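Encoded as structure tokens, the following chain is the form predicted on its own, with no partner shown.
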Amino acid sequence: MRDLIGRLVPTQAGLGYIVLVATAAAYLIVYTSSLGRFPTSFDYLSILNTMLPLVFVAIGQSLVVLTGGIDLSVGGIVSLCVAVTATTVTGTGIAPFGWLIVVLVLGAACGAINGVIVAAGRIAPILATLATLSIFTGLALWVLPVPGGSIPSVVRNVLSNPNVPTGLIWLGVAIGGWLVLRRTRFGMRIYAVGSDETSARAVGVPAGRVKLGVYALSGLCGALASVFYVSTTTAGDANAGAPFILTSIASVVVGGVAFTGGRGSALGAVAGAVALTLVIDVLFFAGIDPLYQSLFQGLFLVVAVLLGTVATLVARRRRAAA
């Protein structure tokens, strides 16, 4: 098993795929044991629509982590964009989609602010994004003091149709977007900055602009997550983004993205996000008290991190032996 993990991890976030397969198998076993039948199309569609917000946030977080940074403000950005989406995206026809574009621009702008603070201000990412987290969360509460709002059915039908798996299209767009970005000059610069920023600067890589770009993309992903969140829940909550802070980081960790930067893949983070979504369902159908779900989620994350550490050590020994 160690040899298998050692071969997978150095490629494309093999750890995330292993955890995803194991979690999916656990879901099927627990579901069939609990209900005496296999999951229906409705169950799969529900999982798909539920996981999409975390998938988008995890992709944005992975981009930042690949440069050696971290974005704690994703929770605030999601909360702010959820509040704006629930209160402004109204009407019929194409009007709501125009407001959605405004929300996406708002998210990207919030992320760009983080990028400017980190790149130009040379402030540690964890401190900069912790500060902006409070600012964005405060703005979200100002926009939407109490849970409420709504979203037009025309938007729901396009983003998270409860009867048609439109979410598969958006999941494919997200994965395709990463595959394209990974092969662009900007994508290669992300890895260069994360691997060794000093050397990257020495060969002409504009590290500051790269960081600005990844934080803006992280904000854009947060805005996308908020749109899908409101589309799925049909209402807004100014505190909706809080859970995404830790779950996005957990998705990145489970997905095998190195926190030192320069190694990993957003695809691994996507696999980690799907696995974490399935863990919630596994705990539910296993009859675990909701009060203890956080405990088991934490244990799941610890096991995944330990597995990743073992896999990394095995990979290093294999390279050293070669």
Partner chain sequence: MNAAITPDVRRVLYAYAVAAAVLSLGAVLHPGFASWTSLRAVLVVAAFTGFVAAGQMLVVLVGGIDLSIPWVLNGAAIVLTTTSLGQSSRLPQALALALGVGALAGFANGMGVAWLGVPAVVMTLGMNGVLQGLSLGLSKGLTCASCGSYAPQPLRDLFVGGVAGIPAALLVWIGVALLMTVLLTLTTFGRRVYAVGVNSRAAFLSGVGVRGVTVALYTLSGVFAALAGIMLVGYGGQPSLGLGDPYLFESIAAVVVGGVSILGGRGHYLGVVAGSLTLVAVTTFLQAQRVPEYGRLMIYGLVILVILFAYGRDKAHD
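Positions refer to the first chain, counted from 1. Keep in mind the model is a prediction, meaning the values are calculated, not measured.
One more form of this protein, predicted together with the partner chain, exists but is not displayed; see below.
Engineer: Could you spot which one of 153, 134, 161, 88 gets a heavy atom to within 4.5 Å of the partner chain in the model of the complex?
Structural biologist: The residue from 153, 134, 161, 88 that makes the contact is 134.
Engineer: Select from the listed residues 249, 84, 227, 210 the one whose heavy atoms reach within 4.5 Å of the partner chain in the model of the complex.
Structural biologist: Partner contact (heavy atom, 4.5 Å) among the options: 249.
Engineer: Counting only heavy atoms and a 4.5 Å cut-off, does the partner chain in the model of the complex sit next to every one of 72, 127 and 306?
Structural biologist: All of them do, each having a heavy atom within 4.5 Å of the partner.
Engineer: Would residue 138 show up as a contact with the partner chain in the model of the complex if we use heavy atoms at 4.5 Å?
Structural biologist: Yes, residue 138 sits close enough to the partner chain in the model of the complex that at least one of its heavy atoms falls within 4.5 Å.
Engineer: Is residue 105 near the partner chain? Define near as a heavy atom within 4.5 Å, in the model of the complex.
Structural biologist: Residue-level check for residue 105: no, no contact with the partner chain.
Engineer: Does any heavy atom of residue 100 come within 4.5 Å of a heavy atom of the partner chain in the model of the complex?
Structural biologist: No, residue 100 is distant from the partner.
Engineer: Residue 123 near the partner chain in the model of the complex, any heavy atom under 4.5 Å?
Structural biologist: Answer yes; at least one heavy atom of residue 123 falls within 4.5 Å of the partner chain in the model of the complex.
Engineer: Within 4.5 Å of the partner chain in the model of the complex, counting heavy atoms only, one of 153 to 161, 215 to 223, 171 to 179, 239 to 247 shows up; tell me which.
Structural biologist: Going through the listed ranges, the match is 239 to 247.
Engineer: At a 4.5 angstroms cut-off on non-hydrogen atoms, which residues of 283 to 301 are near the partner chain in the model of the complex? List them in order.
Structural biologist: The stretch 283 to 301, when checked against the partner chain in the model of the complex, contributes 291, 292, 294, 295, 298, 299, 301 at the 4.5 Å heavy-atom cut-off.
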